[in-house]
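Only one chain comes next, encoded as structure tokens, the form predicted on its own.
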């Protein structure tokens, strides 16, 4: 087990990629903090699944865009587990609204959750990580931050490009004690995409070399690799997981 007794904090882990990642870490022997912002039953359900695997887990409510709530989440994590070995900044939101109909409030919320939230969680987690062997931070970005897919997601695209830039800067600032990398998923079959029109899903699938959307568990495997000692000489990198999208 590559993460036996390690302490993992995964933000936004009550569903989707975050949920799959939390469970994947537990399968490798880790103890996990499941973070959620609103859906307590979903968070508790993930905790129950992890405990069935023989690992320890707790669910902590916190909005990563709120500095005080982030501080509380980190403090509760350290109080329960004694430290943090891996931080996965996964929490994210998107508003699919035509670009000039988007409000300033929607822009601000997207940037606060997707980008500033990753910064805040890192800022307050690092003091509890820097003396732990093999400490690692993984930021979930998106291929939208590399090649914009639609003006409807301009704020989302901007936030995810920022996550990759933040990753680079953090990797330099925290070296050599903490490695920092990011993953840029393409189309993944998660709840955040469940309401997309069927014709749009088909047209996008036709652009993917593997002719299907990815599964959260496939992204989770890549997260575990980059956070493990198998990736001990990788920092400041972004791994694209998009099935060969063109």
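Numbering follows the first chain given and starts at 1. These numbers come from a predicted model, not from an experiment.
Only in words, not in the display: the form predicted in complex with a small molecule, which the text now covers.
- Per the 4.5 Å heavy atom criterion, the small molecule in the model of the complex is contacted by stretch 106-114, the sole one of 80-88, 130-138, 169-177, 106-114.
- Of the heavy atoms in residue 122, none are within 4.5 Å of the small molecule in the model of the complex.
- When the small molecule is considered in the model of the complex, residue 64 lines it closely, a heavy atom lying within 4.5 Å.
- When contacts are judged by a 4.5 Å heavy atom cut-off, residue 24 does not count as touching the small molecule in the model of the complex.
- At the 4.5 Å threshold, heavy atoms of residue 192 reach the small molecule in the model of the complex.
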